[in-house]
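Taking the form predicted alone, here's one chain by itself in structure tokens.
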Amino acid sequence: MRRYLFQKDFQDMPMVQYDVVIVGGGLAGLYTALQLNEGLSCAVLVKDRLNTCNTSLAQGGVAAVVEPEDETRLHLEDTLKAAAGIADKELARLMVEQGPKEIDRLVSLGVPFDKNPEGKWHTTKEGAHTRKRVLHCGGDATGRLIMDRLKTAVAEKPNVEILENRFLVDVLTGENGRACGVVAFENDYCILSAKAMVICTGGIGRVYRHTTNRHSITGDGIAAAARAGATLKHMEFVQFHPTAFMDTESGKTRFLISEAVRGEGGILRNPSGNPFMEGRHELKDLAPRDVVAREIFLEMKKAGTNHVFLDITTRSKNFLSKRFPTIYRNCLEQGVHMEQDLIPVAPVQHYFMGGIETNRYGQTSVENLYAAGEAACTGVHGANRLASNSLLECLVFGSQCARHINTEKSSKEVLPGISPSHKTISPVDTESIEKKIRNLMQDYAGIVRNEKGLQRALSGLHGILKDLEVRDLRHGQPMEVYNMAFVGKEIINAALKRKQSTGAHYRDDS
């Protein structure tokens, strides 16, 4: 593995100094920045534009105990049960207990959570929840509306600078192994030195052929942290959302159909029109995501089709268009009327339970380096994330990171003197290599896995990485492809080590 991807003499790079550098402008990144002391200068690096994060796509909502008939004890039980028995119980307890306070903070920022006619929060139930506890905004526009308010709030902080179109190349470490800055790339390399770095770059979605994630989500932060020496954890646990709209002619998934549609009465039917979750799990269509995705996969395989159907025709047009305005409009554009037509759906890569191992304060195994959100692995999700706990995790552990950084008195590490070897072989054919990576991961490290397929994918990725080791990676796309191949390899190695099926990691040879 290459220690550094940058290929320029260190002393030739311009350098800017901050107290804190946050990489990623989604919910975890902005929420962390928002709670930093104003005496700390902070740069937030965003790979594309600020509004092109996964958070803004979130439909379902935020899970938190806000109803009198609910209890944090029950939320914890649901979280641990969905996690297939391997979640970090104490950190999961911290998350659900802190959740209501973070909701109050969002409300104070003006986040417009939906209310019912009586003026109380409108909550809904999603997969594997035993109570209605998922808050939402604008029906199914939760992520976008939360991000709108956070962007406004962060813009008012004089100590925070947003740097768009900055690709994270490397995390720098000094002579004592402590993180001391990052190398970023826009039109050229630059160094941002800091006392604390927070990786909030999201998951690994583009590593797979079909994903709900933004095009920019290529595991860059996870790969960069690993190259700097950070420990990775639970890399085998990749969550597939059961229901993305499937264009049956092209074989491509178009957009997510929120689990909340099933929470409002949606029923999954096979191509023959028969409901099939009855008898497969006690929660039927609201079983944990790994169970539902796997059952859909098996139904598709049995029928030889690329989709099943979601039936919500028991609900009226008025209800559906108001409760799910975005989904209703998207379906309509595809010629599907939700109130009268069955919706063609298929599972698609959605979330990553693994990532950079962190403690309760977001600290990684590298001193001065933190992580939060989907790039981090706190262990709260175990082998399968409970629906709508993702935004909750960003809020709680973003807060934890900020609190620790605010009180930490660490001094800046001395920047290293580095002169990486310059690669001279021809540039990378990124399009063909990326296609190969995504096909290998989708076909052999997807919903159902086995030793033979995983070994085949691993061999393919080893070949790609061996070739990339000697290539010129001096631009964003080649570095992305390297990160994708590295992250894919880590997922497969972890999947090979876990011989037994657990949660989202399902082996048909175990």
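Start at 1 and count along the sequence shown; that's the residue number. The structure presented is a predicted model; accordingly, all values stated were derived computationally and were not measured.
Omitted here: the form predicted together with a small molecule. The next part is about that form.
Across the options 175-183, 91-99, 379-387, 219-227, residues that bring heavy atoms within 4.5 Å of the small molecule in the model of the complex belong to 379-387. Contact check for residue 241: a heavy atom falls within 4.5 Å of the small molecule in the model of the complex. Proximity of residue 374 to the small molecule in the model of the complex: non-hydrogen atoms within 4.5 Å are absent; the residue sits far from the partner. The small molecule in the model of the complex is not approached by residue 483, whose heavy atoms all lie more than 4.5 angstroms from it. The small molecule is not drawn, but in the model of the complex it has a heavy atom within 4.5 Å of residue 259. Site annotation in the model of the complex: the residue of 75, 289, 234, 166 reaching within 4.5 Å of the small molecule with a heavy atom is 289. For the options 285, 393, 126, 170, the residue carrying a heavy atom within 4.5 angstroms of the small molecule in the model of the complex is 126.
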